[in-house]
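Just one chain is shown here, as structure tokens, and it is the form predicted alone.
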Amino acid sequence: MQIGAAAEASGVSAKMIRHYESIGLIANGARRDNGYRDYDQRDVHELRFIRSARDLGFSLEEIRALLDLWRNKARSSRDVHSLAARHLHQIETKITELQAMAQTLRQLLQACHSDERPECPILDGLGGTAIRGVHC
């Protein structure tokens, strides 16, 4: 199948397929005599794998490692588990950081009168002035 059909079947855009080929994440599609790339079901399966991993927030380098493990039938599931556990830890750390950011912003918004006064607790807070225990 041509790249457009592979893109549709995998949910990965043709542009991203070309990008993944250019960085060596996937093999270049075989070339037909007319110069068009030709993709088979294995290629589409790998593209779906990549899309699923991207949907879970794995980086391209993590996906490269996951693909290597996936392609290696002699792999240890411990290696896959370890990589996924590290990624989950990164996600949970980011969630904690985002929750702290949201709480700080929530406090700054509550301190704001949202009226015609020139005083602005939000700008003061962003400038480093403590607002009711809020430290930016």
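Keep in mind it's a predicted model, so treat the numbers as computed, not measured. One-based numbering along the sequence shown.
Beyond the structure shown, there is the form predicted together with a further copy of the same chain, which is absent from this document and is the topic of what follows.
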query: Distance check, R42 to a further copy of the same chain in the model of the complex, heavy atom within 4.5 Å; finding: no
query: a further copy of the same chain contact in the model of the complex: A14, any heavy atom under 4.5 Å; finding: no
query: is_contact(D38, a further copy of the same chain) in the model of the complex, heavy atom dist at most 4.5 Å; finding: no
query: Partner proximity in the model of the complex: D33 to a further copy of the same chain, non-hydrogen atom cutoff 4.5 Å; finding: no
query: Neighbours of a further copy of the same chain in the model of the complex among 46 to 63 [non-hydrogen atom within 4.5 angstroms]; finding: R48, F49, R51, S52, A53, D55, L56, G57, F58
